[in-house]
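One chain comes next, on its own, written as structure tokens: the form predicted on its own.
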């Protein structure tokens, strides 16, 4: 594929309702992950690694944090004269927001229409993966399909009401079901699809005229006899984050499973993120750290086991942090003990406090809280 012949469209907000605890003050795309990244980093890195140099971010709400993280797009090599990064909030009419994919695309039709690229890739931000998107684009062009959708064969996520489930004959999708039984083994969508730009515009205009708002239900499922829809199986690591429990589970999977970690963080397709210049992490004389991922700028004086610790975190003396996720600039004071807990940004755990969740039901502490 010619390096600039595809436009990237990213939806950072469409699944915010699945993680309302973490998305109260931020979009799904700006949720922190793996000690230094945000969800959107994986989406943008896949696009840029596939040679896509023009990307539109269809932000809906709570996008101040997202804009602060993305800036001009320099970290992803998207600060350029031709193409680059475009943040596209909704037009200020009615309620000033959109309600789904079709509504969001309709808001951005002028941006899409006047882009010179022939193809469009649509990506949500609820999937943690780093597969070869360029190969998927090449397969789409070679097959002559109208639409190609990335899918995974595996357990259906728990919150499966909006996820498309595919029946296939070879790579051709013969039937699409919306939702399914939780944890069943099936071919389910990863919310990444490619098609021609002109076709997307036609689909959006027709759906808008009929007050339709779901790509899966109102366009793909409703026009199975009209479109040639193909599936592209992702065999690399790919997980949908459909709630705080899934966030905790996938974070621990990356920490504990070397194969999953190497699939996600492969040298051939780097994951880029905004750089925060900070000092190296300091470890106290009595500190003990094992099986953990520690960001820079931390001060570790206690015991940390099997945990993900983000930048700027302070773990005090005589503390125990086990099976936890501690986000940026949080503090665990002296004598505290926390297990199976997710601390959002800027949380303070007071001295001698004990917090314990269960491995399958982790405790979550909101951003900026003091416990």
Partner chain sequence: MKQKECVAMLLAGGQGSRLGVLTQKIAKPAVPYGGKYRIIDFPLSNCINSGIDTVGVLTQYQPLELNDYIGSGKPWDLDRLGGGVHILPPYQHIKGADWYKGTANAIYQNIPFIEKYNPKYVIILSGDHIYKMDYRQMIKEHKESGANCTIAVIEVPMEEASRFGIMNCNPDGSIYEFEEKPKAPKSNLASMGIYVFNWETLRKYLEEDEQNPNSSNDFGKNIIPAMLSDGCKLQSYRFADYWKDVGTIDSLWESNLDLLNPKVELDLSDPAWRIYSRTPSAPPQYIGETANLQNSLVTEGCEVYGNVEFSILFENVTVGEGANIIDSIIMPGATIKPGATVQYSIIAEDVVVEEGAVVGERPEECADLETWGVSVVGTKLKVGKNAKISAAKMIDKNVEEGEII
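Numbering follows the first chain given and starts at 1. From a predicted model like this one, the values you see are computed outputs, not experimental measurements.
In what follows, reference is made to the form predicted together with its partner chain, a form of this protein that is not presented.
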With the cut-off set at 4.5 Å between non-hydrogen atoms, does residue 185 touch its partner chain in the predicted bound form?
-> no
Are any of the heavy atoms in residue 142 no more than 4.5 Å from a heavy atom of its partner chain in the predicted bound form?
-> no
Does residue 231 reach its partner chain in the predicted bound form, with heavy atoms at most 4.5 Å apart?
-> no
In the predicted bound form, residue 74 touching its partner chain (heavy atom, 4.5 Å) | yes
Partner-contacting position among 171, 296, 135, 118 - heavy atom within 4.5 Å of its partner chain in the predicted bound form = 296
205, 278, 236, 175: which sits within 4.5 Å of its partner chain in the predicted bound form by any heavy atom?
-> 278
Using a 4.5 Å heavy atom cut-off, which stretch among 209 to 217, 284 to 292, 242 to 250, 80 to 88 contacts its partner chain in the predicted bound form?
-> 284 to 292
Would you mind checking 8 to 38 for residues with a heavy atom within 4.5 Å of its partner chain in the predicted bound form?
-> 34, 35, 36, 37
